[in-house]
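Quick setup: one chain, the form predicted on its own, written in structure tokens, and binding and motion questions come after.
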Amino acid sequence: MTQPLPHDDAKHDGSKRHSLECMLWAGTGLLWTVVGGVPRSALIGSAQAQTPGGGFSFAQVSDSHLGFSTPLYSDVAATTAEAIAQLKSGPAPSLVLHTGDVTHLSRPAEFDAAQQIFGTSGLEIHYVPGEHDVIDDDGKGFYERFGRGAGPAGWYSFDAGGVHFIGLNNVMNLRAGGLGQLGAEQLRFLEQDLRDRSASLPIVLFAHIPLWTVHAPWGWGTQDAEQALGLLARFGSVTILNGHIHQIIQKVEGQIAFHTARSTAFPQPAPGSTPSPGPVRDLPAGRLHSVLGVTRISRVEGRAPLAIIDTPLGA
């Protein structure tokens, strides 16, 4: 079953005003659970949003773009640092997944800034590259600093808290406006990695570009994603986390829940609402924190789906 959540219907309304309203609605923060393939959402703080404690939790951070600067988004290092501080202000997550574009132009100074923010956080952080991280030297600088546990091509897996995590790389050889690609070698890795694992094991796959086609004209999708999704079909709980599009869009297909995250740097327009993607240029004053943020994900014993809470900065 394919059933986007309400704010995803911006795809069906070309109105720029409506699209921005959808983004701001998402910025209030949601708890999202999937039971039997049916999504349920509730505003954070509501009675419906309460979940029992005692589970394993982790967080997602994405699209920090350290080194980027415009008058509207003049200090992305500060908003990224604020996002990390926000994660640490409550019960600290067991680990953090960064879903790419740590830097804006993969320059040494940008990697230095990232290491200062992330490396001194005290949090266990696992990374996959975004296309902005591999502009120079095919990602050599990124892998040297943030490729812990990854093979030379940037994909890897690990286990934590009863969950199997798989980090993939779908940003190499990316053309402007083109779809991401996993490639045959990475698909073989995924097949081998999953082969002997129990179908009841919760799977979290994280990559930069969405593994479903959000908006093909903007390259917001992965061309060989269907092959990867076929390898995941036998598992009862699959959560796929992505960045790249700088906004919350969620979808469920069968037992697979897709979730794209906000950026910690700047928002992008809703799919198809403007001639091209890029930083939103007319964000109302005072709205920046409402469209940036982090994601927390929890696994509660005895419940198959993972609970996802999106929180804007400062909330």
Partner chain sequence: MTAKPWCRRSLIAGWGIVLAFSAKRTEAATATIVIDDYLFMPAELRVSIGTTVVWENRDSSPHNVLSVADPRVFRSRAMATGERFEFTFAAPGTYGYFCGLHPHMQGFVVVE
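Quantities reported herein were computed from a predicted structural model and do not represent experimental measurements. Numbering follows the first chain given and starts at 1.
Heads up, the form predicted in complex with its partner chain isn't pictured, but that's what we're talking about next.
Within 4.5 Å of its partner chain in the predicted bound form, a heavy atom is found for none of Asp63, Thr213 and Gly272. Arg175 belongs to the set of residues with a heavy atom inside 4.5 Å of its partner chain in the predicted bound form.
Mapping the unseen interface onto this chain, Phe68 counts among the residues with a heavy atom inside 4.5 Å of its partner chain in the predicted bound form.
Taking the partner from elsewhere, Trp218 is found to have a heavy atom lying within 4.5 Å of its partner chain in the predicted bound form. Residue contact with its partner chain in the predicted bound form: Ala150 places no heavy atom within 4.5 Å of it.
Here is the short version: of Arg234, Lys88, Arg107, Lys140, the single residue with a heavy atom within 4.5 Å of its partner chain in the predicted bound form is Arg107. Across the options 115-123, 194-202, 161-169, 99-107, residues that bring heavy atoms within 4.5 Å of its partner chain in the predicted bound form belong to 99-107. Contact residues in stretch 81-97 (any heavy atom within 4.5 Å of its partner chain, taken in the predicted bound form) are absent; none meets the cut-off.
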